[in-house]
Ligand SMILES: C[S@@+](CC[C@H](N)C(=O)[O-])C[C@H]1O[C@@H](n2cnc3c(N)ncnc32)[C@H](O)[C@@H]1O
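To begin, one chain is listed below as structure tokens, in the form predicted on its own.
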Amino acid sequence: MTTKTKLLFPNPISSPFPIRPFSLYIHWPFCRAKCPYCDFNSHVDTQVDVKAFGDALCEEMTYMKSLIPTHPALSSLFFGGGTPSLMPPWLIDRLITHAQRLFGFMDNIEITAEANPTSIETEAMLNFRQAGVTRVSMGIQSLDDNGLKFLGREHSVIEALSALDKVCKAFDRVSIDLIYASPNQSPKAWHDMLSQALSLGLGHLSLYQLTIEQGTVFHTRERKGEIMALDNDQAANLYEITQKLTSDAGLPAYEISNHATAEQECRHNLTYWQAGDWIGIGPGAHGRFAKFDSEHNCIVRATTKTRNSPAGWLSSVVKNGHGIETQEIETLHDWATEMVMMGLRLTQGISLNSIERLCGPIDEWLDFGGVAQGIDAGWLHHDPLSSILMATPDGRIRLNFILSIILR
């Protein structure tokens, strides 16, 4: 394990450590097939020793608990992947029980599992409900069979809708993922597909623009000259259609790619976007959590990253009790930068005063000249009374550029 130690935050505080949402992420890295657009830490393996991995996940969870001796009860737990719906329900039950024993649960804890809409996995999800899962995020990705084939998905539209119907009868909170801006997708085709999705009456939609990531099959094909996604102008047109249709249907964006009715936002993902605290276990999982350093009388932000290789991670847990590959204490500037980068993805924006209280003077991490440029262009809005800075609808579509001019 490589350990990096950076500077402690130099801002002494006299008030008690603030109560922050606290979450747990569990990564199941295995899939039946690797999707050509996917750059997540996922691996095709049909010979998984489920008991060994379950034992290791519990052991690593226990070790992570030792890193945060003082914490609130968990507000959310998220099974991601990979394909967590390939996990046996008894393991989901075991992990939820172990997490509750270690950390405690808030009364209204959100427990999400990602799932694919195949018949086998749908039946597993019905048993996940009995194990304690309260929310399902289903990777449908397209409501067009040709689109599903292009994206390398194993299900058909009919199978997806059938699976969704079964899951919706078992769970109160269900979300689906759709990917748009694939090659040759017309505005009308996306308009019709999104309209169909909205007609399903779900409380949450995750609508992602197709991006070509390094290390994926799509990236290799693009390097060979194939057109794998729409250009920026065409994709922006589809993004505008997305905002209009979802807003009209009562599912406005609360984050760049996520839309929900009131009280249906994904609380776990909000922990990430609001730079909250979470522990990550399993191969390739990240963790971020703030804690009070009594020796230096200040708040520090610790980060962890586990080994990507499932076999390597498992070996490390057996040997060391955890699979952490790197851990460090972030600098004040790093933490402030993350809060700005993640927080401006949210329609509610960020509180500059709140970031300053944790991370020090604003002008050490924010370029006011860049902010003024963004405001003049209509991309940012700043309320000096509340100290809230937010990206406008025109700004969210060009957020990467905005961040490049406002962060020091």
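Keep in mind it's a predicted model, so treat the numbers as computed, not measured. Numbers for residues come from their place in the sequence shown, where the first is 1.
Keep in mind the form predicted together with this ligand is missing from the figure; the text below concerns it.
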query: Every residue of F40, G139 and L210 near this ligand in the model of the complex, heavy atom within 4.5 Å; finding: yes
query: Non-hydrogen atom contact E110 with this ligand in the model of the complex at 4.5 angstroms; finding: no
query: 4.5 Å heavy atom contact, L194 and this ligand in the model of the complex; finding: no
query: Distance check, E330 to this ligand in the model of the complex, heavy atom within 4.5 Å; finding: no
query: I279, heavy atom within 4.5 angstroms of this ligand in the model of the complex; finding: no
query: One residue of D93, D177, E265, E159 in contact with this ligand, assessed in the model of the complex (non-hydrogen atom, 4.5 angstroms); finding: D177
query: The unique member of R301, R153, H322, R307 whose heavy atoms fall within 4.5 Å of this ligand in the model of the complex; finding: R153
query: Answer range among 31-39, 52-60, 368-376, 343-351 for contact with this ligand, defined in the model of the complex as heavy atoms within 4.5 Å; finding: 31-39
query: Residues in 76-94 with any heavy atom within 4.5 Å of this ligand in the model of the complex; finding: G81, G82, T83
